[in-house]
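Quick heads-up: it's one chain on its own, the form predicted on its own, in structure tokens.
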């Protein structure tokens, strides 16, 4: 069977879906979490259709898998008020709780979450088209992230468990919460990326309102009870609906102290502008990126092809860290494209539950037509698709396309395609890709492939001042989570990693007193009688 036949017949009939992979009925989410209560919703629901289509006699149709509440401004503001009340200007139970107790609550949640692994993985597959292997990896990585965050907080708190005496002043420096955090994650990693901001914000003593992405809502249903039972009322609140209707009123209230948002800069700008006191707003933003790969003439071609393939097509290229444009030296462009095309052809295409599948249907309804437009624009300006059947679409499925030679006249040169289209740009002088990186609106990562140590060193020294991660002979990526994750220019605000995120959602504060006999005795009494969670020398093991 050739590629065209495979793509034309890629969707199964209902009876062809393996019994063990079918959803047990539609997932109708009719509750939302506010102030420790799962409140029923009797209003309108947003219909959720899977990127997985079902073949009928005459067509293919996106499978209906459920619905979620289309809450209004009223419900969103009620959730916000619950979080603000729970914080109580820093006097709330959660924000004044000891670090050890907050850790215990987060551990309890993680334990409950692990019990829902199979269900969450199943919903990740059906809701956003993520392969079973990648869905399991996302879940397990999220659980590991929670454990690593706990360990990082222990380390941070141990340093803070001692007093400092300087110039006649006794002080204890700790990190305190910011207040109310609005957490909004992306559809491509709706669980992991949401939790990489939500968990640090929570464990540092903040209260939260979570607005899941439009694609990736149902998977939170199995976790709502765990959130309700693991944290005090009002500490974690979940709202569902249209971001454009819910987000701006929350921000316009002026009650949001920190915004954790992963998405487009356009949406982030609108949210920031809605806040009446932006100078009081702490930001942790993960935005667009157009990460380039630069393949030098002495590069190991097989390695470069393998890394660029994984970098540009993992989860169909729907990652902010994906390689989204490839610069290849003109002397090796032909063999690179040949090997790259062969590698694409070997990628298994199919449904998320199929073993070792690499290319799956796309969750955004308009994405295939958008990608087709980008290719057509490039072709009008002289480029071509270099791999057989590249760009062939069938409903929500889009076969990967390598496009060459791409230049500055084409939309693919600057636009972040966020899908399985790989623009390839030939260059003769290294100044061309370097100038591209310097002039780009984005500055997240770059991958460099080559063997000349002097040349690589020179590029590293320059490019670390343009992007926030330079990958040598390897794809762009986020992990390991202990490494800082951020970007320059329009790619990010703030830095995330296991330890950086704890700092992003807290502020250094201290209690201080003159070094007098009376003050020493006062502090000793507070510590001895455990009267304060802040003034404490407890050492968390």
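Keep in mind it's a predicted model, so treat the numbers as computed, not measured. Numbering follows the first chain given and starts at 1.
Another form exists, predicted together with ligand G3H; not displayed. Remarks below refer to it.
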I need the one stretch from 313-321, 430-438, 221-229, 332-340 whose residues put non-hydrogen atoms within 4.5 angstroms of ligand G3H in the predicted complex.
313-321
With ligand G3H left out of view, which of 238, 399, 189, 195 would have a heavy atom within 4.5 Å of it in the predicted complex?
189
Tell me, out of 477, 50, 486, 506, which residue has a non-hydrogen atom within 4.5 angstroms of ligand G3H in the predicted complex.
477
Should residue 141 be classed as touching ligand G3H in the predicted complex when contacts are defined as heavy atoms within 4.5 Å?
yes
